[in-house]
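Only one chain comes next, encoded as structure tokens, the form predicted on its own.
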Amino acid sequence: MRSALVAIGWCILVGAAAAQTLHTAASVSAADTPEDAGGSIDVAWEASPDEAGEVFEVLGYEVWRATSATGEYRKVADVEPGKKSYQITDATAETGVDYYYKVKVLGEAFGEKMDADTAPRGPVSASPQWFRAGRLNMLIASIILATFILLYISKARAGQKLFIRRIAGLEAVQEAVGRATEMGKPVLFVPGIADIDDIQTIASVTILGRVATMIAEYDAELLVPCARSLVMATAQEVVKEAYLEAGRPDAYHRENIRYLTDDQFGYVAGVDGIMLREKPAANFYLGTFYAESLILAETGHSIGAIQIAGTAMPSQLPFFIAACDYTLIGEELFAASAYLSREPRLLGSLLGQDWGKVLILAFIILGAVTAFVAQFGVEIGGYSINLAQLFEVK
């Protein structure tokens, strides 16, 4: 009798569940993802009322997509239940293509699984935005920086004397070349071991042009061993033009700018061999360096050469500082071409960037102070100031 009553009750519950339908997700929307480069669409919806119900158990949600309202839909996302509202980003959407979306609710009642689809939402297409409002601070910083650069370039072109702090390593270039000339020994210029696509190598080759002009005027010999063939070709053209500019094309020797090897320590061994054979009076190490930095600098020190090094590799700077006479640290390497040439555009760009950085740093400090006062307040002259309370909306 008892089992019969249980069976009858179970049948009544199953019948009640069958008489009801699984509720769909509410407030389904699909829209282009804001402030992006295109290729994504945001789909949002509210939880099905059955998540809080007693008859159905919501197992999850599925997001389906098609290119037409009645077309073939393809599943793009599975979402676990347990929230009041949901949002997913369909990052597989193609820019400019119209899509329709459905959200399917997966449920279960008394061992029977079922699902319920929403009506299609669309059409919606992904598109790129020209401007990202969240990066407004970067736009302002870029405008400030560009303004300072243009301002100082115009000042330099007008002949106004611009101050650049003294960089000892660059001031010593003339001394090093002069010493090599007096001793009748060559100048060795090592442009690092990176290829020509490295920004430090580009800076190094630019400095090489200025140094080569000075060497041509002093009638000294220049040696440039290279670890990359493209660096060798570039250096040959730069040095050739420097000798032409100095009016000494006959003194240019193409064979002095040579390729050794791409192998890191094979290159170091070759450069060290040149040092020990040729005994240069001045060594320049400018560019990208790794473990070979101390080997080169120690060998140069052992032959008594005056050495000027420069790199933006923080891990190698201590070795150059310890073993060389002068060292260009970080940005000094990139500022060297402007410092040596005094060309108006380069000088203006250098000073404009410096002052732009100062102003941007001031804004950062001001923002940090403002945030601190807003969060914790500050007491000045017995008065307590708290921006959060001052601007509190009541």
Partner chain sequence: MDGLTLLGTWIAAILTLCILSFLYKDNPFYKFAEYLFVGISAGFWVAYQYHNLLVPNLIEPLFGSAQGKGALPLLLTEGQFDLRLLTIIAGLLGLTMLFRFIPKLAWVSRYGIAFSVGLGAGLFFVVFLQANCLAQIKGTIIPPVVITDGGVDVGSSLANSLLIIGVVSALIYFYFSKEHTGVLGGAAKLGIWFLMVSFGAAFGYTVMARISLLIGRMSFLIDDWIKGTLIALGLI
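It should be emphasised that the depicted structure is a prediction, and the values quoted were computed from it without experimental measurement. Residue numbers count along the first chain shown, from 1. Take the two forms, superpose them, and find the largest set of C-alpha atoms that agree within 1.5 Å; that set is the rigid core.
One more form of this protein, predicted together with its partner chain, exists but is not displayed; see below.
Engineer: Answer yes or no: in the model of the complex, does its partner chain come within 4.5 Å of a heavy atom in every one of 60, 62 and 131?
Structural biologist: The answer is no: none of the three residues contacts the partner (heavy atom, 4.5 Å cut-off).
Engineer: Name the stretch, out of 117-125, 180-188, 235-243, 102-110, where some heavy atom lies within 4.5 Å of its partner chain in the model of the complex.
Structural biologist: It is the stretch 235-243.
Engineer: Given that the partner is absent here, does residue 209 sit within 4.5 Å of its partner chain in the model of the complex, heavy atoms only?
Structural biologist: No, no contact at 4.5 Å.
Engineer: Does at least one non-hydrogen atom of residue 332 fall within 4.5 angstroms of its partner chain in the model of the complex?
Structural biologist: Within the cut-off, so yes.
Engineer: Considering only heavy atoms, tell me if residue 345 and its partner chain come within 4.5 Å of each other in the model of the complex.
Structural biologist: Close contact is absent here: in the model of the complex, residue 345 is far from its partner chain, nothing within 4.5 Å, heavy atoms only.
Engineer: Using heavy atoms and a 4.5 Å limit, would one call residue 316 a contact residue for its partner chain in the model of the complex?
Structural biologist: So residue 316 counts as contacting its partner chain.
Engineer: Ok, 196, 153, 79, 172: which has a heavy atom sitting within 4.5 Å of its partner chain in the model of the complex?
Structural biologist: When its partner chain is considered in the model of the complex, the option within 4.5 Å is 196.
Engineer: Report the residue, out of 158, 97, 91, 321, that has at least one non-hydrogen atom within 4.5 angstroms of its partner chain in the model of the complex.
Structural biologist: The residue in contact is 321.
Engineer: Any residue of 201-219 with a heavy atom within 4.5 Å of its partner chain in the model of the complex counts; write them all down in order.
Structural biologist: Heavy-atom contacts within 4.5 Å come from 202 alone.
Engineer: Would you say residue 304 moves between this form and the one not shown, meaning its CA shifts by 2 Å or more once the core is fitted?
Structural biologist: No, the C-alpha moves less than 2 Å.
Engineer: Any chance the CA of residue 367 moves 2 angstroms or more between this form and the one not shown, core superposed?
Structural biologist: It does shift by 2 Å or more.
Engineer: Once the core is superposed between this form and the one not shown, does residue 132 show a C-alpha displacement of at least 2 Å?
Structural biologist: Result for residue 132: yes, a 2 Å-plus shift.
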